[in-house]
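In the block that follows, a single chain appears as structure tokens, in the form predicted on its own.
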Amino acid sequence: MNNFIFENTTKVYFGKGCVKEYLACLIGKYERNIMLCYGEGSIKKNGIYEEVMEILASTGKEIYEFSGIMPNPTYRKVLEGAEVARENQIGLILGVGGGSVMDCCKAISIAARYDGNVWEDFWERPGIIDFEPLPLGVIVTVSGTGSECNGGAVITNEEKKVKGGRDYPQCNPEFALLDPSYTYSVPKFQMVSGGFDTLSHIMETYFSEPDGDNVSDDLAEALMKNVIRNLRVAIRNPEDYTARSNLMWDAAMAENRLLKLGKRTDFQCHQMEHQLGAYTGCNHGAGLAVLHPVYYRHIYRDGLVKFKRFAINVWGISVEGKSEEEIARAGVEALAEFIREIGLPVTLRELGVDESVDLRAVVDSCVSMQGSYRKMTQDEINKIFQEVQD
């Protein structure tokens, strides 16, 4: 394995009833004013908003609400939130939602205490945080991104048509409350796309060097099998607590930095989807589902040993009568079939991306990532997008 240093500062409270049990005492140490951040209103329909507000009211804190955080949160929304935080002398940001809410809150935590250009200094290029971002706590209502256990935030700059992510350990939530029952009301498509995002995170760490025996790959295989199994169960019964709790913890494990220890990681597919999202606003997990099998068909020969292992250990592909290449390709096709089985799109058209989108502009905005088994050229990225059109 490669050398590494590991630290994760987020304290996780997991299980049914954890919000009622721990939230009031957790926010007690922070300054009086709390900024409650959430999305476009789903928490008001499923009862979570009322439950959280009742707990917050019992603490005597002054609560300022910041709502309307959209999927693929924008830099403009980050700046809007930072202004609210500064004007009201916020002591703690409390994000309630899924990955988009959590990512936006992390960026706000930086912007609220930084006077310069946040995009240019922290997202366009890696920045150095030599100050304390505004403290952040999160309550997860949609699992998938794993944003609750890292400092990563993916933000879209609408003017520049760039969707970019950075991971700053200083932006790790100080606490994360994970109640699997909070995810029961999530619509099927959103639940499935979130689960596939988790699977994507694991695969993109797994399909990278080193390929020799290592703990990270063994953990990755177990997690991938767990995601696949429990997505199938949750589709059949959305209120299966065991399935929902497994999916929620899978997401956190996929992105709490543990799997990445000693690995190079290959986030080429994520980078391509980010740019597709920057131009179209498409659902992130669904976009990944469209791109992943085609991308892997392009590179599996370059990582034959690992793709063969993926086919056998994750999908149970029989090796009898097959060459190494046939086994590896069968694993990729099993992934593609699973995507169809769980109802995610397999083409850009099914994703809602039509001829009005300038795909060449999307391709030209993509960059080649370093961890891939083969470095992508713009021409090959273009081929991938062309192959998933219809």
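Keep in mind it's a predicted model, so treat the numbers as computed, not measured. All residue numbers are counted from 1 along the displayed sequence.
The same protein also has a form predicted in complex with a small molecule, omitted here; what follows describes it.
A.B. asks: If the criterion is a non-hydrogen atom within 4.5 angstroms, does every one of V154, S185 and H270 touch the small molecule in the predicted bound form?
C.D. replies: The answer is yes; V154, S185 and H270 each reach the small molecule.
A.B. asks: Considering only heavy atoms, tell me if G41 and the small molecule come within 4.5 Å of each other in the predicted bound form.
C.D. replies: G41: contacts the small molecule in the predicted bound form.
A.B. asks: Hey, in the predicted bound form, does T145 get a heavy atom within 4.5 angstroms of the small molecule?
C.D. replies: Output for T145 is yes: heavy atoms within 4.5 Å of the small molecule.
A.B. asks: In the predicted bound form, does G98 have a heavy atom within 4.5 Å of the small molecule?
C.D. replies: Taking the distances in the predicted bound form, the answer for G98 is yes, it comes within 4.5 Å of the small molecule.
A.B. asks: Please run the contact check for T141 against the small molecule in the predicted bound form: heavy atoms, 4.5 angstroms, yes or no?
C.D. replies: T141: contacts the small molecule in the predicted bound form.
A.B. asks: Name the stretch, out of 311-319, 208-216, 235-243, 68-76, where some heavy atom lies within 4.5 Å of the small molecule in the predicted bound form.
C.D. replies: Heavy-atom contact with the partner occurs in 68-76.
A.B. asks: Here the chain is shown alone; which of H274, H298, H292, K306 has a heavy atom within 4.5 Å of the small molecule in the predicted bound form?
C.D. replies: Checking each option against the small molecule in the predicted bound form, the one that comes within 4.5 Å is H274.
A.B. asks: I need to confirm a contact call. Of N33, N46, T347, T59, which residue comes within 4.5 Å of the small molecule in the predicted bound form, counting heavy atoms only?
C.D. replies: Flagged contact: N46.
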